[in-house]
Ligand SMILES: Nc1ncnc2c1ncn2[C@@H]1O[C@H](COP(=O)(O)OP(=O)(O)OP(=O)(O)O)[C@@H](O)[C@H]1O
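What follows is one chain in structure tokens, specifically the form predicted alone.
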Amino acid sequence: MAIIVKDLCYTYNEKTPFATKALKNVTVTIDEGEFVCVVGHTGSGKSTFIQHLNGLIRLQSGQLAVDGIDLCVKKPDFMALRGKIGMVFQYPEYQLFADTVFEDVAFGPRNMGLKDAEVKSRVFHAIERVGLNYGLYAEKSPFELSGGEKRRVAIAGVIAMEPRILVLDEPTAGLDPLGKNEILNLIEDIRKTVAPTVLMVNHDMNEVAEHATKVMVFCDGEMTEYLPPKDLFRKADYLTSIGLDLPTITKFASKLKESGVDIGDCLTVEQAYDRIIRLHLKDR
């Protein structure tokens, strides 16, 4: 199992008049190889949950184990944990700080105590893996790059540590449709080559439908659903009641069904197109 969570609770400003329960008895097991999209309204507990996974928020109540590392013990091995789980924050380009792309990407591997030759090898492969040419970008200042290039460099800095689990907080925020597609394709590639398990906080249900193998729904600090997207999107009334939308293609399929054309559960435009063509050919 990649992540095991049992009865995880967290309260901000605990034991004060301003105490706020952010997580309430969250229990879930995430298998290795899953692409989990984490959804919910603002303040539902999504960010608090994912920040527990690499120790940014320390365990207050409950049980949590990440890739075999038990965070319930008195002194968890946070160095080992952060080598296993890579965290990409919202607008990751704001994490950049070094004079060159090379130095920025090398920061994590050096903190792991790796030898210079291994650091250089990891930096080279990470930069190339995010779609940038090492020879052209390694000595550039990251602050002179475009927004999309900065985001790729920030992601390269995370995957240079070769984590087994990649956690991303709205990685496509602020990007145009082409930029969003490029980043999502990059994440899929990283999942195949470096980190087989991905957790991604996302508000775009079209992206959730296309990429998630499981969806984790948070509402008022509780995890209310953990299931495949096709099963989740059958619960249209529930999603609407907690302020979440449906994917465009799901709405389209529902309208077709109302008019007498049933194409079933579709998560992508390609699936809908294929089923419409099949129905058309069948009726000829």
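Here the structure is a predicted model, which means the values were calculated and not measured. Numbers for residues come from their place in the sequence shown, where the first is 1.
Only in words, not in the display: the form predicted together with the ligand, which the text now covers.
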| item | value |
| --- | --- |
| Non-hydrogen atom within 4.5 angstroms of the ligand in the model of the complex for each of Asn181, Asn206 and Thr213 | no |
| Interface segment, criterion being heavy atoms within 4.5 Å of the ligand in the model of the complex, picked from 38-46, 24-32, 249-257, 227-235 | 38-46 |
| Exercise: Asn13 in contact with the ligand in the model of the complex, heavy atom 4.5 Å | yes |
| is_contact(Thr268, the ligand) in the model of the complex, heavy atom dist at most 4.5 Å | no |
